[in-house]
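Only one chain is shown below, in structure tokens, and it's the form predicted on its own.
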């Protein structure tokens, strides 16, 4: 049975831990608001650009641009976006589980953003060909380097498709691990509230305006499509960062609440032990007095 001294030490330790988790919760909450605003602001543009290009893909002539057709290779390249730091709940674990449980045909090679992604894939003995450090908050220039690397790999003909695994931000308490195909151009789902059985509908090219390309479709696509890839990757990273800070804020809040509950339990146990010790002392005094009479 622990002594009162041991319980006092535990109370002091839990109090210190609660102060740390509370501070981390406040920091994560401040970062979360900025990250959520960034993700929400860019989502409409990214989704509209994706919708237009998917529709143009259906109506474009065959061979107008390599991004509209699968690569000649048999391998698949997967970009995994995870966090650099931990203490964000099961965010990274759920993403890796989603990646493992998703059936991807053929040989798969990986590119990562975030230390937790590279560490997790190394433990799983996966083939990792590149790891890109991207600071927080994310800057478009850093993501453009990743986009250029992925596009060069796809255009080399070594890979059939390019996928991106990231955490899709829904709201503060809900982040969904997602795997989306970015090359060749494919419908991409980014964040937002969705029903449990809601799936992205098919895009009908006839419903969109008819576009005129000057000087020509191939020239326009040569400029727009690389920008689309970079922009979509940037938006996916913003979704992942909003998910990270939201998950960390919730995890630290839960840790702080658990610490407070533990302090209550320890204080109750400490008071019970003190009461028992005082009662024993009173009994000893009373017994000694009665023996002397």
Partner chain sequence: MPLKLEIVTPEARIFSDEVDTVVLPGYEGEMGVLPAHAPLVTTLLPGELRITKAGKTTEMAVGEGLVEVTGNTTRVLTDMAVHSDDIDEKAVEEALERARHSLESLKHGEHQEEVAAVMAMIQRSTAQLHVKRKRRTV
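Between two forms, the rigid core is defined as the largest C-alpha subset superposing within 1.5 Å. Numbering follows the first chain given and starts at 1. Given the structure is predicted, the values throughout are model-derived calculations rather than measurements.
Form predicted together with the partner chain: not shown, discussed below.
Requested in this report: Given the partner chain in the predicted complex, answer whether the residues 130, 212 and 227 all have a heavy atom inside 4.5 Å of it.
Outcome: Spot residues vs the partner chain: full contact, yes.
Report task. Evaluate residue 44 for contact with the partner chain in the predicted complex, applying a 4.5 angstroms cut-off between non-hydrogen atoms, and reply yes or no. Result -> Yes, residue 44 is a contact residue.
Query - Contact of residue 250 with the partner chain in the predicted complex (heavy atom, 4.5 Å) - result: No - in the predicted complex, heavy atoms of residue 250 and the partner chain never come within 4.5 Å of each other.
**Report entry** Contact flag, residue 115 vs the partner chain in the predicted complex, heavy atom cut 4.5 Å
**Finding:** No, residue 115 stays farther than 4.5 Å from the partner chain in the predicted complex.
Query raised in the report: Is there any non-hydrogen atom of residue 52 lying within 4.5 Å of the partner chain in the predicted complex?
Result: Although the partner chain is absent here, residue 52 would touch it in the predicted complex, with heavy atoms inside 4.5 Å.
Query raised in the report: Just one of 262-270, 26-34, 239-247, 44-52 has heavy atoms within 4.5 Å of the partner chain in the predicted complex; which?
Result: The contacting stretch is 44-52.
Report task. Select from the listed residues 144, 98, 126, 75 the one whose heavy atoms reach within 4.5 Å of the partner chain in the predicted complex. Result -> Selected option: 144.
Query raised in the report: Within 4.5 Å of the partner chain in the predicted complex, heavy atoms considered, which of 171, 119, 93, 223?
Result: Contact check passes for 223.
Report task. Scan 150-166 and note down the residues that get a heavy atom within 4.5 Å of the partner chain in the predicted complex; none is a fine answer too. Result -> Only a single residue, 153, comes within 4.5 Å of the partner.
Query raised in the report: Taking the rigid core as reference, does the Cα of residue 32 move 2 Å or more between the shown form and the other one?
Result: No, shifts by less than 2 Å.
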